[in-house]
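Single chain ahead, by itself, as structure tokens, in the form predicted on its own.
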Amino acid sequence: MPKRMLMNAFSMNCVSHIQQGLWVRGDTRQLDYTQLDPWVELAQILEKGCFDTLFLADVIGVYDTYRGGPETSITEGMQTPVNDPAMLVPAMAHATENLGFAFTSSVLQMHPFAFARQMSTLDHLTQGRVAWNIVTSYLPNAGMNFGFGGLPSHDERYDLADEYLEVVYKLWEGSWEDDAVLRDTKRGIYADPAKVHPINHVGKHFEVAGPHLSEPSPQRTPLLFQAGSSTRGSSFAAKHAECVFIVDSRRSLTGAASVIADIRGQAVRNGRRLEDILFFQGLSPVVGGTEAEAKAKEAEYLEQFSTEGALAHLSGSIGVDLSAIDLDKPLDTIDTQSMRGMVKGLIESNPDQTQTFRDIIRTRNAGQFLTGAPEQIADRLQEWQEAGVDGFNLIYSVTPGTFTDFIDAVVPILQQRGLMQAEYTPGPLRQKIFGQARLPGRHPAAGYRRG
């Protein structure tokens, strides 16, 4: 029997997420992001298509590296303005029964005691359908916004994240015993205080007495996503993550396989199992009735694609102002000696040095596209799966159209091949994906359980 292919829709509570500039089109609802209706509609569409989750990205600062300020990001609506993704979850959950909701929250933005209660509340309200995408943030403005005087160093952020996870694990897994809640209406006893415990955490970054203010939710600890690609990020994922979003291997099956093998190998050395971590590849499907129709649609998207928005996004992501590069000079005329490693590598590795940097940016954007007729896209997804990928985070060009096209045309093919679920299994999100609602005993969070 074929292995089940997992499917997430990737979005963000903002105007323009990944494919910059397409918010101006008449066939997208990106301008309606401040309203509940389009989000509820999207959730219902995804549930009809038997998707596993709606995955919501987030940032807690502006992209202000490009041209030395945030003006381009603001002009382009490029992840600014951006609203809180967690606030959308209850409304979407109320309109659905099975779809999961993963959202991003940085360890810099909320104290772990408050965050633990927020997540438990959402896990209760959704009947166990929430997931947390753990991030440490990369925008300097994020550090400024939360009183860090700038962004802490890369390793400092991960050290903080390790302690943050320790605190929330203690609250979620160890504060309330499994049988603490009695709901005894005859004796008037709701919970047994002898089975509700403080955590008395004292660490470098946090002091938290506890107990956790929420009673145990269906999953206790939400399903854990993570997307770190650095050496430290991979180590963090191997220790904590259940689902890893691969963002750096869009064009390479072998590259994805290498990342997967590395993280899974580290996980096994940590006492976990290979199957404890699932990997999701980011792709942007462009579906047409025929390959020619799909390519025409892709060309239309690229024609409206905003190079300025993409440069603001990339500059903020890598911490290098790309505005000094002449976009229209051939690559072989650009002096790369003084450039930072990633930008230098991007230019020097391009096989066609007669292209311009503008061409590179467009090609990079197009590299996310998975374009073709439905059968072609299904074939390509199956190739990724055979390379070791467990599922996909599908990036929209227009919303909900990108997802609707995929669900109407590609999902039936995947279901016919036995690759994608045609109906949901019961239970909380982790149970739907891993077969059990609680984290396994070999996960580090389980070490804080009582009894």
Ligand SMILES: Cc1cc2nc3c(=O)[nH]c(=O)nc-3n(C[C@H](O)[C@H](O)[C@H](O)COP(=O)(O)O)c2cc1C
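Because the structure is predicted, anything quoted here is derived from the model rather than measured. The numbering used is simple: start at 1 and walk along the sequence shown.
Omitted here: the form predicted together with this ligand. The next part is about that form.
J.: Which of these residues, H197, H154, K295, R380, gets a heavy atom within 4.5 Å of this ligand in the predicted bound form?
T.: If I apply the 4.5 Å criterion carefully, the residue I get is H154.
J.: Sort through P112, P374, G77, G233 and report the residue having a heavy atom within 4.5 Å of this ligand in the predicted bound form.
T.: Exactly one listed residue reaches within 4.5 Å, namely G233.
J.: Within 4.5 Å of this ligand in the predicted bound form, do D58, S137 and G228 each have at least one heavy atom?
T.: Per the other structure, all of D58, S137 and G228 touch this ligand.
J.: Specify the contacting stretch among 264-272, 285-293, 205-213, 128-136, defined as having any heavy atom within 4.5 Å of this ligand in the predicted bound form.
T.: Single hit among the candidates: 128-136.
J.: Check whether T104 has any heavy atom within 4.5 Å of a heavy atom of this ligand in the predicted bound form, and answer yes or no.
T.: Result yes; T104 sits at the interface with this ligand in the predicted bound form.
J.: Find out whether any non-hydrogen atom of Y158 is located within 4.5 angstroms of this ligand in the predicted bound form, and reply yes or no.
T.: Yes, Y158 lies within 4.5 Å of this ligand in the predicted bound form.
J.: Give a yes or no for Y301: in the predicted bound form, does one of its heavy atoms lie within 4.5 Å of a heavy atom belonging to this ligand?
T.: No, Y301 is distant from the partner.
J.: Are any of the heavy atoms in F245 no more than 4.5 Å from a heavy atom of this ligand in the predicted bound form?
T.: Yes, contact at 4.5 Å.
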